[in-house]
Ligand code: BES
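Single chain ahead, by itself, as structure tokens, in the form predicted on its own.
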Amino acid sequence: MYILKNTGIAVIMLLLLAGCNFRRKPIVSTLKPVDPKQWIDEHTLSNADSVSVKHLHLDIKVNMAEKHIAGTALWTIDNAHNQKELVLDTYDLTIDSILVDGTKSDFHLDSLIEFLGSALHIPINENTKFVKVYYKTGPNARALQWLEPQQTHDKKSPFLYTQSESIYARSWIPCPDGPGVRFTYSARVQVPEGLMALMSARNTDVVNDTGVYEFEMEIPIPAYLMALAVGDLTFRGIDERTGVYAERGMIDDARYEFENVGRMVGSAEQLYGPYQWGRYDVLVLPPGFPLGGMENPRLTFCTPTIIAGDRSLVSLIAHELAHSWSGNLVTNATWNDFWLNEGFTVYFERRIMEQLMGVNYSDMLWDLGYQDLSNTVIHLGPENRDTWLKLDLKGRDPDDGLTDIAYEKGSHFLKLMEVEAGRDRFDRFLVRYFAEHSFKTITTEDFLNYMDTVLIKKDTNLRKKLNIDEWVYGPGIPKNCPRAGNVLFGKVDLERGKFLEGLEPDKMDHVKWSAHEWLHFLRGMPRDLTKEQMASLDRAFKLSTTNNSEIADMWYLLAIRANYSPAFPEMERFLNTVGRRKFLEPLYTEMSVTPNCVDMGRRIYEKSRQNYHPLAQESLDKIVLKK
């Protein structure tokens, strides 16, 4: 198996030693005094700090007609600390019965806590090895989206997929649902005949006749990386260890778009060491998927909005692939440390894209990211506590921390390390970091201590230049934030200026522009763009009907501001078919504050809401319906 062939005995030992000890005694940082309480994961009700969960075996049946999952979750545990109960996270689960070492047991569920769900208490003793939970999911499972055939690409068969990050695994599996708790799993999943089931594990590439699928994930992972998809799917290989799954009507386009995924894996390995998960495959989901992608091990879930026909948006796949190192291999211990997941991944993604496409291309990604960071800081407020890298999400939905602070402030902090330490030195540091923390969890303070010991050492000048406290424990964007070169965007700025001064669009020097250059061109437009200017751009470049979702979203935002009604029919089609929150929230927000578009926004939302994932519905209800 590839993972053993490339990692050897050291990795096998890491697998055996990997544990969940997420409330361990902290190593006090020399850079910042640490309150030991911050080591507690406030978003799990489980007691996985004292009862170690080793392995999960799922035996479940997916009922597409009645829209529920029912079956058993068998936990193998180690009660070395002689605890009196095992406590698991649940959310809207019906618990039918419990077996403890094969004997029926009492249990009780606590009252519902907002965001967190209900703790499931199961009596155990010092010798308990197995706990089996018989359960069924409820109608409010936040992780599950059940799609009718008409909500899929091919419109022939129903579809189910899960989204477990951040704390939604508990809505389809009774589990210790914290990023610092790792376990292996196996599964037997029964689905309607003719459909394929896939998980974040070893997968088949063919539909079987029985509707029963077996899965194995022998590497310990946290619950948020548990994933399941069921639908009328087919598979196409890319190379010997990469491939793509999609609905049959989408598979050719998906295979074309992802031609370079194998090269991405190779580029990532050249940067930061062996890919340790065996295969890397991609599943293209139906349009309602609320995210760009989800880094489920061995099987990235991704949005169809990156299928642009010209491979212009596949940096998203580089991002999800990078998670195979940052996030999946080395995991943030709590959601307060989320930047260790996403900041590292964005940095890694851009290094992959630089290796594949060149520095001018990656500079565009860095600049667009800086724009996103700046807008997020303006939106949150430059002194807002949520603009720290080290978050404080106690008593809140951890999704509140899924902002560009973790992604972009985090990645720019790493870029600063690269600039000040030198790329070669920083790369050696990251290679060692991934190797020494593989299959482990880490907090912000752990990382800062490791960085101080391995990267900074006694280099007081480097420590001063990094200005660590301001980045990690301070608000806003520090003054020493690095900026990318603007070779390509500088030219775009010149052409935008000419257009705003009256140059006809078809006279612009735009022929070789990438999607990123077009996005930068549109982002820089003034809010008072006239209908006539919009019409001239649309005539020249057919922006209202573009197949590029990133460009379309920005164009429709401009159309709302300018009340450019010729774009509205295509915008409505876009909103009715796309479920990605990154696109939906800005458009519905803009319509909700634009007097001429408020009624249109409500009408479109009422028509399209059923196509959106429950998580998207929650956020959009607040924007459109003011709930």
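One rule holds for the numbers: they count along the sequence shown, beginning at 1. Everything quoted here is computed from the prediction, not taken from an experiment.
Only in words, not in the display: the form predicted together with the named molecule, which the text now covers.
Think of it this way: in the model of the complex, the named molecule has a heavy atom of just one of Asp553, Glu257, Glu247, Glu295 within 4.5 Å, and the residue is Glu295.
The single contact residue among Leu291, Met353, Leu299, Ala229, judged by any heavy atom lying within 4.5 Å of the named molecule in the model of the complex, is Leu291. In plain terms, the part of the chain that comes close to the named molecule in the model of the complex, with a heavy atom within 4.5 Å, is 165 to 173 out of 165 to 173, 467 to 475, 497 to 505, 436 to 444. Among heavy atoms of Glu342, some come within 4.5 Å of the named molecule in the model of the complex. Among residues of the shown chain, Tyr407 is one whose heavy atoms approach the named molecule to within 4.5 Å in the model of the complex. Using a 4.5 Å cutoff between non-hydrogen atoms, Phe338 counts as a contact of the named molecule in the model of the complex. In the model of the complex, the named molecule sits within 4.5 Å of a heavy atom belonging to Asp399.
For the partner-free chain shown, His319, Glu320, His323, Phe338 of 317 to 340 come within 4.5 angstroms of the named molecule in the model of the complex, judged by any non-hydrogen atom.
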